[in-house]
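For reference, the chain that follows is the form predicted alone, supplied as structure tokens.
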């Protein structure tokens, strides 16, 4: 394997929504050298790879950022970081306008106003949203993009970030990258739990299957403080196709009904995101399933619009309707919950950051799905967080006196990082494969840590078993053999998922209440307990997670770490 050492001002890990926008912000505001390292290709990577047909976070006419904050707060049973959600909300419309200026087509009415969908969404022609962001990135001379480079770990000295390690998946090259500051903007974690669909269809899931929790895992390994992993995300989706339900529920105002045709979701409390899943699970458990979105009778025009909408964003659903010869106007759409995901763009899981999105490691910033405490950020919220992190990183560079890294010290960092990777290429071939260990991990998480088979519920006894078996699997994974860099990538993806799985278990165990039904269904403590109106955080020390309980952070507060 070849070895290369790179120096840059800012390293951005992950060229998705937040990462690209952080780079654009840095290029517009400074002449700093910016390097984006992306595991795939920034033109079609991250959650926006296939495009979207709406922006789900926008302050529509008559509303304010405070209104958006209140919506997020209610949906999360009050427990969010208000400082983070408010600072994100205040930028939603600005970044949307910027996207339009870059070339995104946003639908407008005859008065020239954006066409809204519900109270917080606007409609777009978004199949090319990622190429638009990528082209903007490539237009700046001070941004360099490394596609197909998998970043695997940070380089940290005295709790200060100084760079990261990675390797090119195709070119057999190992990189040691030194940077004054790093912005982590990788995706969340999919594939931790056994999915709805087995075998060849196992990657037909709600969230990108190539988002493996790498950003979380790197932070955990480096001793960063992490938050709220127990607030998992479970999407309510069209059965079998895992297609989004929002386009139906909001687009044609289709209510949820059980097998008897009865409306049911409002019987289970406020119609929060978690409760829509929970109410569907409960109806099925009590023998009143299957559950549906009531679309029968919506009319031919509405049906045609749905067929077109899904052909754009989830073609499997349109094909299913066509194959059956029955569209949504003639047959209700059956719904089900997905397996749990860890994703800070929808829930509050991720790095514990200050208001400027700096993590507890000095000079390391987080934005998008990896930044915790700020649910419902979606696309535009991730752009906003990319901008906030970039501006904070610039201030950090200007205000910090950086220690010189001498040649001998640099060589020691290069040697340490390379040996950690190279060992997998020299391990003897074992009896297990990455796929087998991944499947075992998903089965453990499903059966013992609140997966689909247990209706998302768990108890202490099961979590103890889950933690023990995940740690056993991680020991086996550390002995895997890689024949090339693609194998190396798969091994690191597995190791990252196993570490995130362990973090989830520890966090589920620490919250001794049920605050978000289905998302966090503690069968030992089935009620909400206001004594737990606090953040469950963790730091990993000596191979074990240490739980930290943090008090609520309100709006208007500028929260700072005390390193």
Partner chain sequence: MSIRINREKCTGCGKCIEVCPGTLLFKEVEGSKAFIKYPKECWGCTSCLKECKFEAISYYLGADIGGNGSIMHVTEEGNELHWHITDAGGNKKIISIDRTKANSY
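Keep in mind that what you see is a predicted model, and the values were worked out from it rather than measured. Residue numbers count along the first chain shown, from 1.
Missing here is the form predicted in complex with its partner chain; even so, the following discussion is about that form.
- Using a 4.5 Å cut-off to its partner chain in the model of the complex, not one of 256, 346 and 524 places a heavy atom inside that distance.
- When its partner chain is considered in the model of the complex, residue 263 lies well away from it, no heavy atom lying within 4.5 Å.
- Taking non-hydrogen atoms only, residue 53 approaches its partner chain to within 4.5 angstroms in the model of the complex.
- Within 4.5 Å of any heavy atom of its partner chain in the model of the complex lies no heavy atom of residue 140.
- Contact check for residue 323: a non-hydrogen atom falls within 4.5 Å of its partner chain in the model of the complex.
- With its partner chain omitted here, the record of contacts in the model of the complex names 191-199 of 374-382, 151-159, 275-283, 191-199, defined by a heavy atom within 4.5 Å.
- For the options 118, 290, 269, 315, the one in contact with its partner chain in the model of the complex, meaning a heavy atom within 4.5 Å, is 315.
- Of the listed positions (463, 205, 477, 79), a single one reaches within 4.5 angstroms of its partner chain by any non-hydrogen atom in the model of the complex, namely 205.
- Along 249-279, residues 251, 252 each place a heavy atom within 4.5 Å of its partner chain in the model of the complex.
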